[in-house]
Each structure stands twice: as C-alpha cells, then as structure tokens.
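For reference, the chain that follows is the form predicted alone, supplied as structure tokens.
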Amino acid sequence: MSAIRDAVKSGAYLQPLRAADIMHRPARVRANGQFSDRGPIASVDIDGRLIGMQANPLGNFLPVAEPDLSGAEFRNLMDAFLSTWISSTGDYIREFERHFAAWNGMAEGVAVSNGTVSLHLALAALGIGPGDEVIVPDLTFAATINTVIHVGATPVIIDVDPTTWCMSAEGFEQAITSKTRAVIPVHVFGRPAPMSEIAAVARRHGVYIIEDCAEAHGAQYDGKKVGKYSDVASFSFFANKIMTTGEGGICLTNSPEFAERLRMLRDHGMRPDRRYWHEEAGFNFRMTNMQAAIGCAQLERIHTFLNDRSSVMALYEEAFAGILGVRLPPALPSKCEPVTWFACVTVPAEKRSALIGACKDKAIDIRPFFNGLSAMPAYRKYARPCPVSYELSKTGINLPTSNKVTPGVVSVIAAVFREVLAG
C-alpha cells in the first residue's frame, strides 16, 4: 500500500516501524488492536509497533484479483537486490525452477519472462512452425492462439465441453488432420481438462501435448497434477494468478532433451558450452533473479493461497444459492480436482452489463469471461462454430477472488445480484 511504500522509500525499514510513522491521517483504534478508517487497517502490538497491514475491503475499490504479498517476498526481493544479481542469473532462478518443477512432480523447469512466452518457447522447442496445425480451445485467453500464429503454425479452434468448460478428447480427435503436430489443452479458471483421455488420443496420432496451466496451479486430473501429461507444460505467474512473480512464467518437462533445447532457445539460441556461439535464432525470454526471488517465497505459501481461494468460492456458493438467474459452475466428473483461480458464475446474458455496472457503482470490480476466439476479428479466418464457448463468453462473470473477500463483502455482492436480477 502507498503508506508502507512511502515509509520504505524514506528508509523506515532500516529501523523498527511504528504505526504512527506510516499513517498519513488520524485513525481510530479498535478494541482488538487495529486502526480503522476508510483507508488501511494497521495491526499493532502492545507497544504500538506495526506488525501487519491490510486494506479495508469495504473502504476502497475492490479489484477482481490482487496478489497476496508478505514480508517473505519482501525479504527475498531485498536479498536478491543486495546480492547485485538482478538480471537473469542468480541462485533464486535455479531454486525457483527446481522447486516449482518438484512441486508439480516434473523433472525440469525453465523459467521465462511471462506465461505467453512459455507457450511460444514450448512451440518453438518442439519444432512447430509453418505447415503445422495446432489445436486450441475457443474459450481461452488470446495468448494461447497468438503464440501458435507467432511461430507460423495454423491454429485449429474447437469448442469446449459444457461441463468442464475445457476441450474434450472427442472434440480434439475429430479435429486432427495429417498436418496436426500439437494440441494445447487449457485448464480454464482452474478446471482441469480430461487429460488421460486427451493424452491417449495424442499418443495414437503422434501429436505433442502442451498444457496451458496458467490458471490452474495445483489442479489435478485422474490423480496427477496438470502439466504432468505434457511434452511441455506452460504456467503463468502474472499478478492475478494463484501465485505470482509479477510477470513471469515457466516451462516444465520430463525430457532432458527438451529442457536443454528450451534453455538454449530462451537465451538467444546460444550454446551453453560455447559462449556467444549461436546455431539458430533464439529469443530473450529469461526471467530475472528478482522475479524468481518473489516466486520462491510465493511457492512456500502456495497451499495457503489455494485454501484461501477455495474458501472464497465456498462463500459465494452459499450466498448465491437461491438467487434466480445465477448458475454456479457445473459439478465436475470425479476424476477432476479443480482449484479456484477466479470464483465465477453465469447469469442471463441480457443482465450481465447491468450487474457489472451496479457492482462498479459500489467500487467492486467484476469481469466478463474471455470472448470466444472465433468471435474476434483477429482470428476470423480460423473461426469455427463454437456454440458452448459462445454462450459461456456471453454469460460468464468472474468475481473478486482475493484475501480481501470476506463474508461481508460477499453479502454486498450477493445483494447487488439479487436486486439487479429481480429487476
């Protein structure tokens, strides 16, 4: 928050902090030892020293997502800064790659500058290019299809399943041609695609799998974490993801050969055993040591993030039960173990804009689902009829999903929905 940032800039972190040092205006002290006003809430100990701070969830604008950052991230970031290893080499890079791969049960991790380039790098490392087709779902963020286009391949768009909201194995197999080289299943909103079945189809047809796990850290299908079914898996650590490095991403693989090629292409195509020797044109897709330092601290707290988001979704499920017109996401098959990226619901299409506007009037940010790829001008020549994706893109709403979302906040949002939908 701005008060803490100002205090840090002035050097306050070099000495014990007291709440009075960072509060810009008078505040009332609650009986439980918290300052309370329309701005930050500061927790203090018996001597008045600051021990924690958070925003007042109903006193400020409530974003749809917000990173959960703590002293652990700040400690690591300062350590990386003081080490002077602030670019793409350093201990935190290696630690983050190793630990994130291990947490997902994968052998190799190759950290990159963002989630989009992790997809781009995966496609390039697998040799996907002009003349190749890559199958993608219609309901996804544009990065999934953009990277296919950027490597010169042809995206083939397919509709999603009405229960999982992800591509199905049947839809994937029906779209395969003699030119199909890869498929990119997307675990949208933390809901896992049917990867055992998709992997079986891919093996039969000799098709590479690149799982887009940007929104599904920790989700599982058929007893295995998402990503483990891939030749290369892609993760994003953008600020709105379950865990973050600010910007950032990673490619995971169990193939030492793919990992070596991913690392070489990430670093300008330079051979690691012969500095400044380039055998092919690569990329500068590297993550910084400072980003990785944040990621290491976030990974230590990943289970807390997952539990918190699940609890937020449970609050919405209880509060929205019985509100006419609100539909919770369909229950998934027993093989699926989803996680919550964004809590989400669907509503009548003609009411969605009014709901978004009414929440905005109360300083609450709710967002529509992604537009289906086939509906947008950039992908018109690849468009196909995708009725399930079209319906979801017109009716879906993402709800605020962060540690600011309390039962009181959910009650306010539910009341807005009840009023608008009744009207």
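The shown structure was predicted, so the numbers you read here are calculated from the model rather than taken from an experiment. The numbering used is simple: start at 1 and walk along the sequence shown.
Below, we turn to the form predicted together with a small molecule, even though it does not appear here.
Student: L77 near the small molecule in the predicted complex, any heavy atom under 4.5 Å?
Tutor: It does not: once the small molecule is placed as it appears in the predicted complex, L77 has no heavy atom within 4.5 Å of it.
Student: Evaluate W85 for contact with the small molecule in the predicted complex, applying a 4.5 angstroms cut-off between non-hydrogen atoms, and reply yes or no.
Tutor: W85: no, not in contact with the small molecule in the predicted complex.
Student: How about F370: is it within 4.5 Å of the small molecule in the predicted complex, going by heavy atoms?
Tutor: So F370 counts as contacting the small molecule.
Student: So in the predicted complex, is the small molecule close enough to F238 to count as touching (4.5 Å, heavy atoms)?
Tutor: Answer yes; at least one heavy atom of F238 falls within 4.5 Å of the small molecule in the predicted complex.
Student: 279 to 287, 92 to 100, 263 to 271, 208 to 216: which one contacts the small molecule in the predicted complex at 4.5 Å, heavy atom to heavy atom?
Tutor: That would be stretch 208 to 216.
Student: Could you work out which of G109, G190, G115, P194 is the residue within 4.5 angstroms of the small molecule in the predicted complex, going by heavy atoms?
Tutor: Among G109, G190, G115, P194, a heavy atom within 4.5 Å of the small molecule in the predicted complex occurs only for G115.
Student: Under a 4.5 angstroms heavy atom criterion, identify the one residue in L306, V345, L332, A143 near the small molecule in the predicted complex.
Tutor: Of the candidates L306, V345, L332, A143, A143 is the one lying within 4.5 Å of the small molecule in the predicted complex.
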